[in-house]
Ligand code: SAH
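Take a look at this single chain in structure tokens; it is the form predicted on its own.
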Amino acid sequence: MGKVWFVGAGPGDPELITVKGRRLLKGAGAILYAGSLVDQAATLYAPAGCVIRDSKDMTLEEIAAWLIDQARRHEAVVRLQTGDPTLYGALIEMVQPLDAAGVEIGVVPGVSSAMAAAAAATESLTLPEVTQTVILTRIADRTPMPDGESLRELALHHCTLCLFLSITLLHKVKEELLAAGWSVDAPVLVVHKASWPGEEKLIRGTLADIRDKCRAEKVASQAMIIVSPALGARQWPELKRSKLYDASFTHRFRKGVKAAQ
């Protein structure tokens, strides 16, 4: 029985896959990739003769059966997933049948679209004395949210919010954040297909107008929504600087020097 690797393909750019992920693809006997989300270019790392299958039309049971069958035939099998497998990746649902079948598994992390979106826009998700917390979440739709995790409750923290799987629900995002005390002028960043060569779109707006701007750009899928008090800091005239790089700040690698009076 071979080993099944769950590999994060990253947000879309095939060069953003990890070195380990690429090595595993190059040595795989079979690859099952999420074709509805993962750019097929990522499978270009596959060796000649590799069995390659798109999972976009498969059920969970069919995915598990395919992985188990291929593990009986090959030493290394890769399940290639968008972003990071541990975040909205149905990882445990796929691992449990493999555990029951005695198939060894491994997980390789990937770059999340939240980080890729911030990078695309040259934004920082945290800033000293502005926000030091990032919440990765989604708004409730067909999948309900657990108690205490509604967007309204999470938004009460007024920190950075990275919203997955919510682009068609921007009207609800606005409603929930306003109810949590956010201003209608709060800045919002939407990045469609972050890092995808030739397909990435950046849309900036506010809670008041971001929905209309996304509609004008025909963005209705595969988009990350970031709402944060740190958005736009690149243009701020003054910033609270990090203590780590402050000349007067002492840490184990450098002794601080007080400024002359």
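In this text, residue numbers run from 1 along the sequence as written. Computed from a prediction, not measured in an experiment: that's the story for all the values here.
Another form exists, predicted together with the ligand; not displayed. Remarks below refer to it.
Contacting member of L177, V188, L161, V191, with respect to the ligand in the predicted complex [4.5 Å, heavy atom]: Exactly one listed residue reaches within 4.5 Å, namely V191.
When the contact criterion is heavy atoms within 4.5 Å, does L87 count as touching the ligand in the predicted complex? Heavy-atom contact with the ligand at 4.5 Å: present for L87.
For V130, is any heavy atom within 4.5 Å of the ligand in the predicted complex, or not? Residue-level check for V130: no, no contact with the ligand.
In the predicted complex, does S150 come within 4.5 Å of the ligand, counting heavy atoms only? Outside the cut-off, so no.
Considering non-hydrogen atoms and a 4.5 Å limit, does the ligand approach W66 in the predicted complex? Contact check for W66: no, nothing within 4.5 Å of the ligand in the predicted complex.
Looking at 71-79, 180-188, 94-102, 163-171, which stretch has residues with any non-hydrogen atom within 4.5 Å of the ligand in the predicted complex? Every other range fails; the passing one is 163-171.
For a quick check, can you give me the residues of 46-71 that have a heavy atom within 4.5 Å of the ligand in the predicted complex? Heavy-atom contacts within 4.5 Å come from no residue here.
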